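Two forms of the same protein chain are encoded below as structure tokens; each is given separately, as structure 1 and structure 2.
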Structure 1
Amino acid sequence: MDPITLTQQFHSHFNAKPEAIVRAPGRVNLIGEHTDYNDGFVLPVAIDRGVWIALRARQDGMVRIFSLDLEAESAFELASLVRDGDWIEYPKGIANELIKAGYKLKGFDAVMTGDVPRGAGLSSSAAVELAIARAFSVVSGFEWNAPVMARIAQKAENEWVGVNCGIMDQMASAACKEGFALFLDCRSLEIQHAPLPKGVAVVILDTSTRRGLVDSAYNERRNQCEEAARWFGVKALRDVSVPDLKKWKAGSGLSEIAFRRARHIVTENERVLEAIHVMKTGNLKRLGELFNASHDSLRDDFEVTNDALNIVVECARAESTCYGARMTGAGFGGCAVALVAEEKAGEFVQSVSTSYRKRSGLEASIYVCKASEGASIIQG
């Protein structure tokens, strides 16, 4: 969305000029899947799709938001926040957490729009949350602290919206830098901006199948990981090493399923650490192999892929220009991500669109992703 159109939309809705426009991106995770809630490592990139909000402060403690995409307006009062199950729950949840954390909030009028597909594993909800947090920081005049805001947004999603997600999506949307991936230690919340390797395109392959995150399957995986951590006698699976996995035997009090979940997490953490290393040395071949191993582990041990994801990944890997491909995000549908020789990315997109259509009967939407900037003020 360009600022001029958004300004016009604001004007036609509120009959005034917006004071500012803010934007927060969705993300694609390069590697490190389901590791965040196990205190592990992740490597997301903010994408060039996001949520834009044009806004103007109000002095009466009201927040009024017109969603261009839903063509609907909703409003709430900061002094009396109640849940009513509408799309406005994300903004309300952010307001609630900010107030709980001691921020003095002002209300605002806003027009909001976004282009992150929902339920596709690209964090459309984190983009809304961080854009709203950014809007509150503009009108209320508090300083923007990306990790603190990411935590606030995660709490809002856990407690107000009721989705038990980890910290990755909010941190990526809050703290990424244009042109860089974000290496995040989900225990210490320490971040490093890692430059993307040269000569490679990050390609997003949307299978056009969708999942709901509130799905019990996500929480079930979390519980299985926690059960495995208790069995290993550690705080989180982050503290288990690959050799430790040998301690497990059938009949030893931890089910085979929970053990396989743990094996995914433990080996995935190793893969992220190696990925960071080979990104620095420019070893694209090895980076691709790590992508492939990650997908296979998510498919066989963690069991969060679906047929469409497995097919699109196979189609991608069949191309000689592809270094590696894997599902990305929570899974159960949505998107995969592939590393492709940059100068051949256009042909790759064409070819995989055709082979995926043939094999699945579905239309994929495939595009080269640009690593964009985390939540920011783009005007005002």
Structure 2
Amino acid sequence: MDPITLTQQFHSHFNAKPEAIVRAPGRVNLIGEHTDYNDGFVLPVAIDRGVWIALRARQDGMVRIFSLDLEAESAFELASLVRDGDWIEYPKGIANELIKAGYKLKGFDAVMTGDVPRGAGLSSSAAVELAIARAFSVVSGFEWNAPVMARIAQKAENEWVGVNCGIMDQMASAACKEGFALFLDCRSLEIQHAPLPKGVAVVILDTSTRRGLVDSAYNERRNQCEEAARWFGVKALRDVSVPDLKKWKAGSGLSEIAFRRARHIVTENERVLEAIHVMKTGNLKRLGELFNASHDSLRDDFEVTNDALNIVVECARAESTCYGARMTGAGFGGCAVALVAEEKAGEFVQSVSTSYRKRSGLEASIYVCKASEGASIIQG
């Protein structure tokens, strides 16, 4: 979003100039799928699609937000937060958690817009949460601490909105650095920044299929992982090594299906750790191989792909300019992510769009992305 356009929109709605513009990005997970609830490792990257808020402080405790995308205004009082089920629950939840954490908040007027595709698994909700938190930090004058704000946003989504998400989305939107992926240890919440190799584009391939049955399948996978962790005698599958997998044999008290779920998690954690190393050395070929191995494991051992995801990944891998491709997110629909030679990204998009349409009968939405900065002040 162009800051000049957003400023004009604010002026036409509130008849005043905004004091600041803040932005928070969506994210895509490069590698490390279903590892988060097993205390494992993930490697998301913030994308150059996000949520922008132009704002101006108020002297009372009112927060008024006009959503350009929904063409709707909603408001709430900081002193009397109540749920009413509207889109404004995300901002309200952030306000509620900040107040509970002891922050003294001021109200503001705001115009909000975003370009993260909704329902594609690119975390538009985390982008809204972190943009709102950044807006409160600007008008209320408190110091911005990205990991702390990520945890506050996660609590808001868990406890106010009622979505039982992990910390990855919020941490990526809060703490990523431009040009880097974010390595996150989901047990310790320790983070480090891993540089994306030069000359590569992150391409998101939206299959145009949406995740069906994901809640029941997710709970089933989670239970199978916990069953396997108990069999291995550990707190979580994070604590199982690849050599440990050799302890299993048929008839040993752990079903084959639970073992295969465990094998995905254990090998996926290894792939994330190797990915950080090869990113630091700029080894794109090996990074692509890790992407491919991750998808194959999610398809065969964790069984969370669908036909559309498998087809779009095969179409991507067929291109000589593609280093590797894999499904990303919960699975059963949604998006895949590919690493592509940057100067050939346009040709890649055209070719994969055509081949995916021929094979699936569906239209893919394809986004060529750059690794972007976490929640930040754009102006003011």
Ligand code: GLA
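All of these numbers come straight from a predicted model, not from anything done at the bench. For residue numbers, the reference is structure 1: its sequence is counted from 1. Heads up, when I say rigid core I mean the largest set of C-alphas that superpose within 1.5 Å between the two forms.
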Two forms of the same chain appear here; which of them is the form predicted in complex with the named molecule? 1
Comparing between structures 1 and 2 on the rigid core: C-alpha of residue 171 shifted by 2 Å or more? no
Could you check whether the CA atom of residue 92 moves 2 Å or more between structures 1 and 2, using the rigid core for the fit? no
Would you say residue 344 moves its Cα by 2 Å or more between structures 1 and 2, aligning on the core? yes
In Å, how large is the C-alpha displacement of residue 227 between structures 1 and 2 after the rigid core is aligned? 5.1
Core superposed first, then measure: what is the displacement of the CA of residue 240 between structures 1 and 2, in Å? 3.0
